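Have a look below at one chain only, the form predicted on its own, in structure tokens format.
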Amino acid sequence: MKFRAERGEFVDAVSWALRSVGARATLPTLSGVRLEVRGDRLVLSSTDLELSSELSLPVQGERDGIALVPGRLLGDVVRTLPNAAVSADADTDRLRLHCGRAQFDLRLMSAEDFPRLPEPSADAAVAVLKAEEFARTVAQVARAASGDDARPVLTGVTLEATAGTLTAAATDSYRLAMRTVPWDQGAECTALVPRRALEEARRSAELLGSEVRLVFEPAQVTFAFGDRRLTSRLIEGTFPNFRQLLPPGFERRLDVDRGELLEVVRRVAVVGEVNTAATPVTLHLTADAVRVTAGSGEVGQAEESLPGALEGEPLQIAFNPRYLTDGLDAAGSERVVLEFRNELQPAVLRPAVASNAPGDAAPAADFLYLLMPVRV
């Protein structure tokens, strides 16, 4: 294998491929990045058996071939390369890199044991979403997935696709995040995707822009970005019927400045951070104000008020501060509305968005964040 590549493109490609290298792999080959020259294209691939990545870039190919390079070492090397073209020449057990006056001689791993990466089938369901919408959807929803591996189905994000929309939802049984967005192109399918895979795909969407092609298959999903793709195994099991968790209506509705409430909750919650378990913050809602309190006489107390418009009777309700700030952060709008029934039933947080004006071409995305209250 022998090729010559632009430094910036090569460094970017290696950095991207390293995302799915098996850091604690039981199989030594999973810690490597596979390089293959095919004519004037260099293909880089890696996998940890759960998540796989593959991308290709144009090079000046001189000799076709394959090399499996230790991933961590390759990453450390390319980050230090000077600003010059990169030349690579590999034989059976060595890769020699030349860049400016720098030279590296790296021992290769056995490429024969590297697993064959899954490829999307030609008849798989495919849908297309703008990269910006995809990244925003994952950022808003994935944070609600559970980190407890004891319930694997809750560690993922369920994607439900119809011909015109995609709904993403995640829950850890204490809160639920859900967003529905219109497709550019549609597909009819459902997939339960690991949170990590979606986060990696989100970072790629933010970096590369344009659009994301989602390829759904019974056991895997692929996120394609032009000449790059990420493929993830799906989580086995049945995701809860999250729509049953949504309250049928509300008795109180609070309209408040999102950023101001977020800052107040973060400040007030500081008095509870000395404890192992998060101390709840309590919202005291009246017609024109929100008073936020936290703490106890044993450790310390804090309170702060801010303006808010409440429809309905006054209410006192408490929440886990991290869960509440996660929802406020995810909403992203200037103002939010919180809908309540009483102090013991879930509250629903939504961005306060003006309805579409007559003549608007496309429906807006719909986001909600359901939050269980804390008994105090």
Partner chain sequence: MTTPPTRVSSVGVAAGSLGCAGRLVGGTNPRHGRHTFEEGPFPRSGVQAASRIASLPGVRVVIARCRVDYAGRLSATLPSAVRLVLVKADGCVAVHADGGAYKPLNWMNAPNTLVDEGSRWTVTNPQGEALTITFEQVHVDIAHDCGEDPGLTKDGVEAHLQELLAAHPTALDDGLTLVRREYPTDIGPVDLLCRDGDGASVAVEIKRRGEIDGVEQLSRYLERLNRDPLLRPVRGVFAAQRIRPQARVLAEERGISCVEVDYDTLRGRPSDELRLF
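Since the model is a prediction, treat every value here as computed from it, not as a measurement. Numbering follows the first chain given and starts at 1.
This next part talks about the form predicted in complex with its partner chain, which is not shown.
Among the residues Leu154, Leu230, Leu95, Ala142, the one placing a heavy atom within 4.5 Å of its partner chain in the model of the complex is Leu154.
With the partner omitted here, the residue from Gln301, Ser173, Ser87, Ser305 that has a non-hydrogen atom within 4.5 angstroms of its partner chain in the model of the complex is Ser173. Proximity of Leu245 to its partner chain in the model of the complex: non-hydrogen atoms within 4.5 Å are present.
For the chain shown alone, Pro346 is a contact residue for its partner chain in the model of the complex, at least one non-hydrogen atom being within 4.5 angstroms. Looking at Val374, you'd find a heavy atom of it within 4.5 angstroms of its partner chain in the model of the complex.
Taking the partner from elsewhere, Ala5 is found to have every heavy atom lying beyond 4.5 Å of its partner chain in the model of the complex. This chain is displayed without its partner chain, yet in the model of the complex the stretch 237 to 245 from 205 to 213, 237 to 245, 103 to 111, 286 to 294 comes within 4.5 Å of it by heavy atoms.
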